[in-house]
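The chain below stands alone, shown as structure tokens; this is the form predicted on its own.
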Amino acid sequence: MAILIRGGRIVTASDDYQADIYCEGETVTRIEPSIDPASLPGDVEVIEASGKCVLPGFIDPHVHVYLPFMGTLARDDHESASKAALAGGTTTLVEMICPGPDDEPLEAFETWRSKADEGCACDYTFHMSVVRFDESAQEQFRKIVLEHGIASFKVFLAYKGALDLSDEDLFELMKMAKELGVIVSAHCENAAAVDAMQKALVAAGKTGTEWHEPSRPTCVEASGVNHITTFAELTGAHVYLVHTSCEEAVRSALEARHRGVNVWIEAVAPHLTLDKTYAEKPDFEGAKYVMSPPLRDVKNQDFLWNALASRIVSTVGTDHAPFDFEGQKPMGKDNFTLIPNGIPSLQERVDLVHTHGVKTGRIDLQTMVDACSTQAARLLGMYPRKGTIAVGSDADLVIYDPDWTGTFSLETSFSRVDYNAFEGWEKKGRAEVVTVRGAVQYRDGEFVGTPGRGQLVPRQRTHG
């Protein structure tokens, strides 16, 4: 059924105006000051948006759904994760495919894709992690890019002996990325330094959650940024720095950018709103807040928000990685290095940015749209199909009520994880109606769509 959205305030990364939007099939077909429903052919659902914002569907550029990690599996599947995404106004997920070093890359891609195909209620694509780079793997990576439209690799400068690449392989991978025109997303730390710090702390009996941040301090993250941007400078590859947590790392990226390196910066919702004192909570409560890079000193938050306001930081993601507080996090009860990492925030991301960014005056609404949707679409090869509201774009739309107030809670979460890291926090604003390619999938706090309706989004290769 066609949809007419009437009387809303349309906000994109660059525009802010009043108009009606008509969607037929899966795309936006008309945007006009006023569209008379009586003039439209066939059945049309009219959605009144007076007093509300109409925003492009949000894109989370960094999520984990199917995630084997530290001997366990993340709690969400693609049905629960996509419902959580839609409840937060997110209509496209960019999931990390994370095979082990002994796995075949193409087989891993097919595994992750098949799981998304089964239950994802929103659209999706992937970053393909590279944890080995022998001749066979190289050929498979080419197929994944050229035949399946996956236009980004992921590398880990962390997790020594498990996911990290040698410098020789990293250099060759980045040469391939440049050749293929794909972007390299990078987890920036220093695997050897983190490994040494962790071993020293554990040997000294410092095993609690409060030691997670000291085991991988800000200088280690900045070192990783310098490492990857040096290789980008040498090869001409384009790099995207995921979950950048601190001033030192951002400044390292800016130094590279001033040298002409093609580098973009992602922040994530936990680093913008939580600080390291949460991971220091007693009685193992801090395990809820263990992620890598870790939560930082609160002083970094103002720096990140300012960098977001000036659009030095391009995107806001989540690094959503849902592990239960009961039954999974306690794997590291006696050794913080064994705690499954992750702070679930897929459903909460946009509302956190609106509450703590827009409503406080740190950023404006157009910057929120840019960081939570448009820049991800541009950088990852989906624009203008995704990330904006324009004739011909996918009808991924969010009718957002900026004046709604409530609280974040586990009770209203669609994720299957057993806690909410933001439990009881005030929430200002929420997605009221969410469409994915012209079909209403979420309305007034309820999932009303179809699991499995999501599609893989083939992406353009624009980073050659």
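Position 1 is the first residue in the sequence shown; the rest follow in order. What you see is a predicted model; the values in this text were computed from it and never measured.
Below, we turn to the form predicted in complex with ligand URP, even though it does not appear here.
**Q** Using a 4.5 Å heavy atom cut-off, state whether residue 319 contacts ligand URP in the predicted complex.
**A** Yes, residue 319 sits close enough to ligand URP in the predicted complex that at least one of its heavy atoms falls within 4.5 Å.
**Q** Look up in the predicted complex whether residue 292 has a non-hydrogen atom within 4.5 angstroms of ligand URP, and give yes or no.
**A** Close contact exists here: in the predicted complex, residue 292 approaches ligand URP to within 4.5 Å, heavy atoms only.
**Q** Taking ligand URP as it sits in the predicted complex, is residue 414 near enough to touch it, meaning that at least one heavy atom pair lies within 4.5 angstroms?
**A** Because no heavy atom of residue 414 falls inside 4.5 Å of ligand URP in the predicted complex, the answer is no.
**Q** Using 4.5 Å between non-hydrogen atoms, is residue 341 touching ligand URP in the predicted complex?
**A** Residue 341: contacts ligand URP in the predicted complex.
**Q** So ligand URP isn't shown here. In the predicted complex, which residue out of 288, 78, 187, 296 has a non-hydrogen atom within 4.5 Å of it?
**A** So the residue touching ligand URP in the predicted complex, by this definition, is 187.
**Q** Looking at 284, 159, 133, 305, which has any heavy atom no more than 4.5 Å from ligand URP in the predicted complex?
**A** Filtering the options by heavy-atom distance leaves 159.
**Q** Heavy atoms, 4.5 Å, ligand URP in the predicted complex: which of 399 to 407, 63 to 71, 23 to 31, 419 to 427 makes the cut? Say which one.
**A** Contact-bearing stretch, as computed: 63 to 71.
**Q** Can you list, in sequence order, the residues from 234 to 272 that come within 4.5 Å of ligand URP in the predicted complex, counting heavy atoms only?
**A** The stretch 234 to 272, when checked against ligand URP in the predicted complex, contributes only 243 at the 4.5 Å heavy-atom cut-off.
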